[in-house]
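In the block that follows, a single chain appears as structure tokens, in the form predicted alone.
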């Protein structure tokens, strides 16, 4: 995730053999093929993996004919997923140009050159190509220079790039926060002028960009600040804490749901607006319901806290650590309680509802109430969590 420094185009890239084989197959069939996309940018910054995409003169129909195992991941935009011998998918996309755009989607046509294909891309650092067989670089928009200057700059006219797809505004912010790059003044001005267009995007696309930003930003404080400065936060995440009040977060602690709870006054509202999964929304609601932490660092208090927060304990532990910038003192007690297997939920009791029915306690809501009372007893004293002891206590309480 963390980038290095661009020192120039290397004589050759160390690409996966599967990528080279795909390119060779296409080239041998007479179709010009280049490596493109973010993986190239990341490789040049020593910040990525080997998930390299290919751009080719071959149409989707030809690609599907040349390779046995393919997936039509985006045929209308020229993209075919090709599975290699290890069943790993590589995206192969036909050279294309935009015919019509509306700020959200594009209609494309094929039969264009590599340079025309690169010209439709968002930023210069993403408009670089590498030939995997001839080891040639193609950089018609000086993306290498911008990598060296640590700068995000739109390809061509920035205002046009953003009108083609308003999500590019959020992508510019994400790349700037991830790589600690500046945003070119003309590109920034065009982004702020076009920001109202973000309202026309689908919640799902904005959610994906929000989550990607949270999980990759070198500084989440800067990411949040840019969302506010460009004008994106009032449209999609008005609950986002503004500017310098945002905490910093280590890269290894990048759970986007927990981070949304950390950075936003009402994370449930944010996740609902972004049409997140019910599971993610429920996690945020549980964190908000709390309590945030035990009333003390005593083992009894920790057991009661674990019972109160149920499945939210891991999220709340991470949230507490992120808020304080250090591991809370009661975290070790949580680990010790878990290591000893001490009961903190109904399911941990030595008896269940069926056992209570067998001793004459009638089914119904009262059964659950009784189990909760027994749980309170063992939270105070785990030694009481024995079948015979709990059955006798149940008889006494019934």
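Residue numbers count along the first chain shown, from 1. Owing to the predicted nature of the structure, the values given are computational and were not obtained by experimental measurement.
Just so it is clear, the following notes concern the form predicted together with ligand ATP, a form of the same protein that is not shown.
Trainee: Give a yes/no on whether residue 126 approaches ligand ATP to within 4.5 Å in the model of the complex, heavy atoms considered.
Mentor: Residue 126: contacts ligand ATP in the model of the complex.
Trainee: Using a 4.5 Å heavy atom cut-off, state whether residue 27 contacts ligand ATP in the model of the complex.
Mentor: No - in the model of the complex, heavy atoms of residue 27 and ligand ATP never come within 4.5 Å of each other.
Trainee: Residue 38 near ligand ATP in the model of the complex, any heavy atom under 4.5 Å?
Mentor: So residue 38 counts as contacting ligand ATP.
Trainee: Please tell me whether any heavy atom belonging to residue 178 falls inside 4.5 Å of a heavy atom of ligand ATP, as the geometry stands in the model of the complex.
Mentor: Yes.
Trainee: Given that the partner is absent here, state which listed stretch (70-78, 168-176, 296-304, 227-235) has heavy atoms within 4.5 Å of ligand ATP in the model of the complex.
Mentor: Heavy-atom contact with the partner occurs in 168-176.
Trainee: With ligand ATP left out of view, which of 149, 212, 138, 254 would have a heavy atom within 4.5 Å of it in the model of the complex?
Mentor: Flagged contact: 212.
Trainee: Considering ligand ATP in the model of the complex, which of 323, 163, 97, 205 comes within 4.5 Å of it through any heavy atom?
Mentor: So the residue touching ligand ATP in the model of the complex, by this definition, is 205.
Trainee: Who in 113-128 is close to ligand ATP in the model of the complex, meaning a heavy atom within 4.5 Å?
Mentor: If the 4.5 Å heavy-atom criterion is applied to ligand ATP in the model of the complex, 113-128 yields 120, 121, 122, 126.
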